[in-house]
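For reference, the chain that follows is the form predicted alone, supplied as structure tokens.
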Amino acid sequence: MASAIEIAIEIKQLTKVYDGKVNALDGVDLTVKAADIFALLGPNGSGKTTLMRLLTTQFRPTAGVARAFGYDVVKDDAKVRKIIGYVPQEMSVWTDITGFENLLIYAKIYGVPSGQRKKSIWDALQSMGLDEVANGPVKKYSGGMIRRLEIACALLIKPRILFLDEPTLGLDPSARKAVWENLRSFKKEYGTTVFFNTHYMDEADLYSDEVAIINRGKIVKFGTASELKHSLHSEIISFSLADPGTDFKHPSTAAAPPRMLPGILERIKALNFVEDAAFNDSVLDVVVEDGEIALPAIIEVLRCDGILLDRIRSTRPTLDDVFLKYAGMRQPKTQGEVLHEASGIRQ
């Protein structure tokens, strides 16, 4: 029998009201599995930071319950703080001392026993790839190295949950990648649950096991990045048509004869899973729910009409599209708008 899934964070109807009138959080329900990397996405003012500060015992909720590995963040706040690490957006290290000295200060703050401090510090430095620069002044570190040092400070106690508020904000792509490679290695070694906020959709897509989108204090969408992208139910498959006499080593842009187009479109639109279709010059754009299911049927229609294909290209929704839709920042596109945009991309 499969073992039960361990829950790291459990939130039920969590509410936070400021000044008796501003609902920063409005009945949030959320579950995060142990040893997962969990991304929380949302526009500015959506409640992301408030939720993280409640979970890290900095704020108290107005109503509702939140637990970290079974510990209530209000009633058991001291126990919660012993099993979590937290890295805020703001700089949380001193630049006029060395990396090692920064961790030594945090080791004392966290109450790491004196006999274990040196090993704990070097473990944390190594886990973030900073052991070679540990004795150098932090003011000479790059932005990425400083962020990794801040995370190393939070990893000193080998937390069961690590909270990261915009962990790579302002870093260049190579520094962001280095931060995440080190985090994933630490998570794999120690089974730490990582809970992070970000505005970088690619990070949520690449590194998270599950994603939640919060807007106006409510969780509006939850699932894996793949599930969220599929929830938009739209994918464009573009078929570049070739002339029947085309030499495919030097393909022509000639399309099917114009008299054939209305009949082809009618048959394709009649297929299951096809939402719309249109010709744009020598390209047939088809909007479908699921490309893997629809593609063979579309190809069969084209084959039966004697249409040769030069190239097939698929365009799927991105996590940016998901965020913009569910965060309420734009309305879903109509099928006509999707086809029009697809045409514009090629021009």
Ligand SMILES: Nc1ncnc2c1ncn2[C@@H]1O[C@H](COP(=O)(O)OP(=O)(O)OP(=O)(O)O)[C@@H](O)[C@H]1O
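Keep in mind that what you see is a predicted model, and the values were worked out from it rather than measured. The numbering used is simple: start at 1 and walk along the sequence shown.
What comes next is about the form predicted together with this ligand, which is not displayed.
Only one segment in the set 310 to 318, 297 to 305, 278 to 286, 40 to 48 has residues whose heavy atoms sit within 4.5 Å of this ligand in the predicted bound form; it is 40 to 48.
In the predicted bound form, no heavy atom of D209 sits within 4.5 Å of this ligand. The shortest heavy atom separation between H199 and this ligand in the predicted bound form is within 4.5 Å.
None of the heavy atoms of T95 is located within 4.5 Å of this ligand in the predicted bound form. Among heavy atoms of N135, none comes within 4.5 Å of this ligand in the predicted bound form.
Contact annotation: of the candidates D76, D131, E101, E166, the single residue with a non-hydrogen atom within 4.5 angstroms of this ligand in the predicted bound form is E166. Of the residues given (T224, S185, Q116, Q89), Q89 alone sits with a heavy atom within 4.5 Å of this ligand in the predicted bound form. Residues Y18, D19, V22, A24, P43 are the ones in 15 to 43 with at least one heavy atom within 4.5 Å of this ligand in the predicted bound form, listed in sequence order.
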